[in-house]
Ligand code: X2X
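Read the single chain below, which is given as structure tokens and is the form predicted alone.
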């Protein structure tokens, strides 16, 4: 499947109704509602719709995926509660937000740990990812094998460019509802404020915060460039979306149908990774045309600042030596 950047990004992101991936003439035996927090045009939703069509065909219409983008069912933390209760069957969620329930899931977001995508996939498709899935399983959730890509995160600002760690001193920045994000930006001397993504645009618009951090695909598809002037290409953190499901609901699906759902969605995740990397790599020029001013800080002083502030040692203690060893096995020494 291929799609142009214009086609991907030009569609409306203000969908008021769920995306019914398949419209069937008869009721499906199994209906799975999948929630996510990104716009309809994001590669995640493009590939979810494609996966829904494949699952419909391969199961003979017995399984229907209903996709709810753009926080239609509520903010991430609210939907996570709904997935745990079974009111919603599935969702994609950042491991850093999932860490409010399963602390181990945020280890993939350690600041300035991953230098590039090959290192990310070595860890997340390998022993570190397996460790996270094992911990999430203990919380009564099913976590799919392949994580979806959100991309490397960049810092945007409405007031000034961020060139050095000193520029983050007292900087009011929106961060997701996750202790790791708050801890990292506090180590830089910033003033992080935890805000669900659904409220981020208005928080920037009303100057509750001066900046935020996200991959460029989110800056574009959520139109954050309308309320942000500067973008520092820090690559300070890689973030992905785990696809999780309510264990009772997913286990109740007949094994052959469940296997089809898993196989199809894991394959879709791999294709979405390629889409998202290409999209993030291509968006700088487009955002420049929209008036965003870019700069590329040296990551070394930021990493040194985190080390001096005790950030790495603090989180090594929190995650435990075994989990930290799996991280450093992929990325090299940090603490």
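Residue numbers count along the first chain shown, from 1. Quick caveat: nothing in here was measured; it's all calculated off a predicted structure.
The same protein also has a form predicted together with this ligand, omitted here; what follows describes it.
For the candidate spot formed by 94, 153 and 176, every residue has a non-hydrogen atom within 4.5 angstroms of this ligand in the model of the complex. Per the 4.5 Å heavy atom criterion, this ligand in the model of the complex is contacted by stretch 145-153, the sole one of 101-109, 123-131, 145-153, 245-253. The closest non-hydrogen atom of residue 264 lies beyond 4.5 Å of this ligand in the model of the complex. A residue is said to contact a partner when one of its heavy atoms sits within 4.5 Å of a partner heavy atom; residue 37 meets this definition for this ligand in the model of the complex. Within 4.5 Å of some heavy atom of this ligand in the model of the complex lies at least one heavy atom of residue 76. Contact annotation for residue 220: none of its heavy atoms lies within 4.5 Å of this ligand in the model of the complex. Residue-level contacts in the model of the complex: of 238, 225, 185, 241, one residue has a heavy atom within 4.5 Å of this ligand, and it is 241. Exactly one listed residue, out of 214, 89, 157, 234, brings a non-hydrogen atom to within 4.5 Å of this ligand in the model of the complex: 214.
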